[in-house]
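Form predicted alone, single chain, as structure tokens, below.
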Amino acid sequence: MPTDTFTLTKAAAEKYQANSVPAMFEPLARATLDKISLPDGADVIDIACGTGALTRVIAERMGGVGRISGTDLNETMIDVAKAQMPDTPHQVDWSAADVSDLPYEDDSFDVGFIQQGLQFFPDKPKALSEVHRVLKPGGSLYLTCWRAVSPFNGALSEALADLVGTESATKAAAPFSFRDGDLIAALLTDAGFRTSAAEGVVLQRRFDDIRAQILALPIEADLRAAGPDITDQVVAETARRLAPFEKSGVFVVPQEAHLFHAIAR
């Protein structure tokens, strides 16, 4: 079976925290937690936690004194998450681990979260079965996956296809490549979960600086290789394609996600 080998440098993890978290992942975490009720004092696992955007909101929202475990494949993401974590009454622990081989005992957690991670898991059935293993019977899994290609990433992908190449264009759209709600529901069922219909979560994502957001993405290396003139053209072309979303010099772009609630049988 394949294992997840996607790794990030420390600089990339820090850039992710500085740009992608405030622009997208923290607002998504808050929108997700607005739709659910966390049990007080629960044992919670945040899988593919990145730099801890959702982990921090869980700690902020959960009453009582519970245990929160954040796990991510990338040690660099975990290091940044640790540094960003504020004081909390909850017990917080972190681990760098492949989702297909989590370092926890069976039936360890009441609640699990996967925020925008499933699309990157190479072996999705194995990963979801492993998540099921560490959840207690009757435990809840909350999973978000993008429901549609973001207009921002779509515009960027088209600009890259015209100016850089298809490989870069594909990379820009990759987070949205796995968005079939029926397929996700079937994977959850096959892994031993009972699911209800997915809810929708819609973010209104603000872009005060499109260049900074583009250069915070994994395609930065491609743009650096293409040179500053091509980079300028990609930024300008992305902005042109996003003109319908401009409001007073700021781009406000909708970004839609599925939110699944799955119960471990």
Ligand SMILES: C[S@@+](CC[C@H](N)C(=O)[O-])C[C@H]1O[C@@H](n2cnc3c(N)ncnc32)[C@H](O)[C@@H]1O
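All residue numbers refer to positions in the sequence shown, first residue = 1. All figures in this text were calculated on a predicted structure; none of them were measured in a lab.
There is another form of this protein, the form predicted in complex with the ligand, and it is not shown here; the text below is about that form.
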Fill in: Position in contact with the ligand when the complex is considered in the model of the complex, options Gln115, Ser140, Ser150, Ser168, heavy atoms within 4.5 Å
Gln115
Discussion item. Between Asp110, Glu158, Glu130, Asp98, only one gets a heavy atom within 4.5 angstroms of the ligand in the model of the complex; which residue is that?
Written reply: Asp98
Worksheet item: Looking in the model of the complex, any heavy atom of Phe120 within 4.5 Å of the ligand?
Response: yes
Worksheet item: Is Gly50 one of the residues lying within 4.5 Å of the ligand in the model of the complex, judged by heavy atom distances?
Response: yes
Discussion item. Please tell me whether any heavy atom belonging to Phe245 falls inside 4.5 Å of a heavy atom of the ligand, as the geometry stands in the model of the complex.
Written reply: no
Worksheet item: Though only this chain appears here, would Tyr16 touch the ligand in the model of the complex if you measure heavy atom gaps against 4.5 Å?
Response: yes
Discussion item. If the criterion is a non-hydrogen atom within 4.5 angstroms, does every one of Phe25, Leu73 and Met77 touch the ligand in the model of the complex?
Written reply: yes
Worksheet item: Looking at 121-129, 184-192, 79-87, 150-158, which one sits within 4.5 Å of the ligand in the model of the complex if you count heavy atoms only?
Response: 121-129
